[in-house]
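We begin with a single chain expressed as structure tokens, specifically the form predicted on its own.
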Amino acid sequence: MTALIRNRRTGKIRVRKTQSSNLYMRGVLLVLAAITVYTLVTIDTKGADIAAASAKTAEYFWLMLTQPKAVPSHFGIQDGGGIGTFFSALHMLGITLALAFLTTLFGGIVALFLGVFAAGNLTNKKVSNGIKSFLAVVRAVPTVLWVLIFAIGAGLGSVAAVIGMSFHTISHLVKAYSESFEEIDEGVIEALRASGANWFQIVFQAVIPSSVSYILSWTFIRFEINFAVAVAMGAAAGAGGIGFQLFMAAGYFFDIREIGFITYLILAVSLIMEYLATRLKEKYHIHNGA
């Protein structure tokens, strides 16, 4: 199928073939847009005043952002006031960061080992495709579902959270690591083989050292993701930390201002992590894995 396109500046007409994939994508977007419009028009609001509800939501959001305040008793503090509450919140943040760090550490070690065998230029195609196919299935399952699956055996808590999060971390990092290994110039690998280097020497003296910047970049990106996931798992899996406190503030105490206080703490940690990632990239000239 072809399309005629006129250049507005020159007035010339050129012929361009329309790919079937583009037509398919446009059709999908059109269908999704139609479904969205239909849903908004026919949605049952149960008699709720949408305008009033929107105004109330905006009011609560403004209160959360402008008047953050924690209640000491909600953080287990009877004496010490604001300072004691702040340090208790920092302790909970530390628990969440520890969950993210352990998950990234375990996942990174296992992923580095599997990534070597998943790289098509370092192993045979059957092994590579088998590992990639299996981990694609693992990656398709949401993290929270993996956590709940392992919670059946380990019980709700930090153990199930770390194992479940590690599963998803491994599947994500194996894909990233193996692709970085596959970007190594094939001529370099062939030259090493011709010079008598064995498989282990090629991997540990050439491939991995050449990919260190990508490995560090992807690992730190995954650590940032795991921190956000650990916040969610604190409530969903009973892993504790600041995520559980956020759940209690929202679902049990119904304290909008405390939600704001916790949100600002999480935001501050995220900004610090982003700053450290930027400095790390500048110091070691690390490529952007994203």
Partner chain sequence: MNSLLTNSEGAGTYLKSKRIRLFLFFVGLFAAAALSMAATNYHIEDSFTAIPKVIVWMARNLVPDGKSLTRLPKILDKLFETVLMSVAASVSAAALSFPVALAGSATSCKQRWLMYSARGVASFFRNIPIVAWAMIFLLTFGQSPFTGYVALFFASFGFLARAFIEAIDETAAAPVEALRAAGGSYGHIIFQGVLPSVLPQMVSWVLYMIETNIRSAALVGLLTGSGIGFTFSIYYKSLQYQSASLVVITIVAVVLVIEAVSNKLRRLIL
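Positions refer to the first chain, counted from 1. Being a predicted model, the structure only gives us computed values, none of them experimental. Definition used throughout: the rigid core is the maximal C-alpha set that superposes within 1.5 Å between two forms.
One more form of this protein, predicted in complex with the partner chain, exists but is not displayed; see below.
This chain lacks the partner; the member of G196, G82, G76, P142 within 4.5 angstroms of the partner chain in the predicted complex by a non-hydrogen atom is P142.
When you look in the predicted complex, the only residue of A176, I131, L122, A151 with a non-hydrogen atom within 4.5 Å of the partner chain is A151. Judged by heavy atoms within 4.5 Å of the partner chain in the predicted complex, the contact stretch among the candidates 67 to 75, 178 to 186, 131 to 139, 82 to 90 is 131 to 139. Within 4.5 Å of any heavy atom of the partner chain in the predicted complex lies no heavy atom of V207. Mapping the unseen interface onto this chain, S217 falls outside it, with no heavy atom inside 4.5 Å of the partner chain in the predicted complex. Contact annotation for L99: at least one heavy atom lies within 4.5 Å of the partner chain in the predicted complex.
Contact annotation: F113 falls outside 4.5 Å of the partner chain in the predicted complex, judged by heavy atom distances. Residues of 49 to 68 placing a heavy atom within 4.5 Å of the partner chain in the predicted complex, in sequence order: I50, A53, S54, K56, T57, Y60, F61, M64, L65.
Comparing the forms between this form and the one not shown, the C-alpha position of Q67 differs by less than 2 angstroms, with the core used for superposition. Core-superposed comparison between this form and the one not shown: the Cα of F254 travels less than 2 Å.
Remark: with the core as the superposition reference, the CA shift of I266 between this form and the one not shown stays below 2 Å.
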